[in-house]
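Next up is one chain by itself, shown in structure tokens, the form predicted on its own.
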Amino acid sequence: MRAFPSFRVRDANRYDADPQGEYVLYWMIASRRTRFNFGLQRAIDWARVLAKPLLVIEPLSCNYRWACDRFHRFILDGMIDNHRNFARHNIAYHSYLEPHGGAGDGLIGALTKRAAVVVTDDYPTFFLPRIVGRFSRTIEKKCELVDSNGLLPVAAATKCFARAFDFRRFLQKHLKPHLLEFPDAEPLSTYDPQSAISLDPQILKRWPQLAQDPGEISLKEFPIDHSVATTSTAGGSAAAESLLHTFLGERLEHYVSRRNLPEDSGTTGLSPYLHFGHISTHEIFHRVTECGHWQIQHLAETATGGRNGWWGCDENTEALLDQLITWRELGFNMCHQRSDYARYRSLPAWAQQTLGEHAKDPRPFCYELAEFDGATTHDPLWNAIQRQLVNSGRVHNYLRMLWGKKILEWSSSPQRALRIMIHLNNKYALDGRDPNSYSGIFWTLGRYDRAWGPERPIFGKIRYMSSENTARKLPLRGYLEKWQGEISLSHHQLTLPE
């Protein structure tokens, strides 16, 4: 076995590789791509060492909370790309779309029986840690979890960081060695096909292969939320790479001056693709620094924790890398270190104290979930933000902060406000259910922030934001015109998760 970054892989159980196994199984659940993928690379390495063929299984459950047409279609777009890429390299790839809740139960176990080794993705949020943990405890085959989430392996940080400044300083002290341990850009090109794999006909009958063109599949018959419709944003690695190409050619040089514009004209737009694993932080970093002719020798020698200067590149690239690495991977740090990352009790003590002291303050407005969901508040700007979220699956980060602050102000308690934010974001946002989106939601309640003055009703010492101040800072006329009007309110998911 060739050298592999030690922080990237961990054993899910204590079994050894089975020499009698017929293939190496890669269970693709988070890093849904064929490029810059440590998990796929690790599985190919095992296949080479054991002289076994590789089988890739990419399933899609319909039984997770907030399952809807929007997310299903985005993932299916990625499956189209993966099918083509694996077929081009003669690698056995089995994509499976669960037709009803529970139909997929037993599939991974059945495939594991003939496997020599199982490799899967190590991802810290939503339902994935639970299903991987349950699976690894029930099988009697070697199972490895591989972290392909960010430039810093989540296991490389041994504590949970409370401030971006402290995490940034940690990165500046410890990231450099990991910049020398990149995944293969094209791991499939290193694969030497072994003997062909013939899956058990009973497996294929019970869990049939998805049609070769998943784009032709109608989602109407699947038991998911059809009220959360698909958007014009196509999923998949090809779309992600095209978007990155456009950003580098047209937007990067204006990133600092345009990234806060409400129409996303200065951002990368890549957060949904990062969330669903259709593109990796490593590929984005590689392409960005390649454009700027950056080399690792440009790194500053001193770790100051400052946002500017450490990378040794222009201000636009510095700002982009701070968002892509510091802020994104700060969220992964939280979710890896704390299982209660989505709970109110995970807020800093000072935030819980000040919110508790003002929990009974009179609210100028107090809305129920249906009114938030339907964008029927008194505030035209907030309603426009909610309409954008519902209709497009995206909201600019700055406006999403205002969106969350107002939910806090107009909810009966901070705990209820948090539940509403998580529900609406996870229900509609293409980049929801992600460590980075939990960071944004919890930031509105004080995570990664500090106490602010003057102390205000409802907010206490939590940072305050208003629609009026936002309107003075940003050009919003076109935004308000675009997202005015009503949205069709569905009652399919108008109950809050516990």
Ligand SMILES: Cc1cc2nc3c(=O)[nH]c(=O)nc-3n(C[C@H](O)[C@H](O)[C@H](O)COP(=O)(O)OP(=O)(O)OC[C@H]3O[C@@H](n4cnc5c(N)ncnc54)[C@H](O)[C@@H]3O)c2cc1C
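Since the model is a prediction, treat every value here as computed from it, not as a measurement. Don't overthink the numbering: it's just position in the shown sequence, from 1.
Just so it is clear, the following notes concern the form predicted together with this ligand, a form of the same protein that is not shown.
Site annotation in the model of the complex: the residue of L424, L274, V288, A116 reaching within 4.5 Å of this ligand with a heavy atom is L274. With the partner omitted from this view, the residue of A351, L270, I91, L175 that lies near this ligand in the model of the complex is L270 [heavy atom within 4.5 Å]. For F127, no non-hydrogen atom is located within 4.5 Å of this ligand in the model of the complex, even though that partner is not displayed.
Heavy atoms of V395 reach within 4.5 Å of this ligand in the model of the complex, making it an interface residue. Proximity of Y255 to this ligand in the model of the complex: non-hydrogen atoms within 4.5 Å are present. Put simply, Y344 is far from this ligand in the model of the complex: not one heavy atom of it is within 4.5 Å. This chain is displayed without this ligand, yet in the model of the complex the stretch 435-443 from 467-475, 40-48, 435-443, 58-66 comes within 4.5 Å of it by heavy atoms. For a residue to qualify, one of its non-hydrogen atoms must sit within 4.5 Å of this ligand in the model of the complex; all three of L320, Q323 and M401 qualify.
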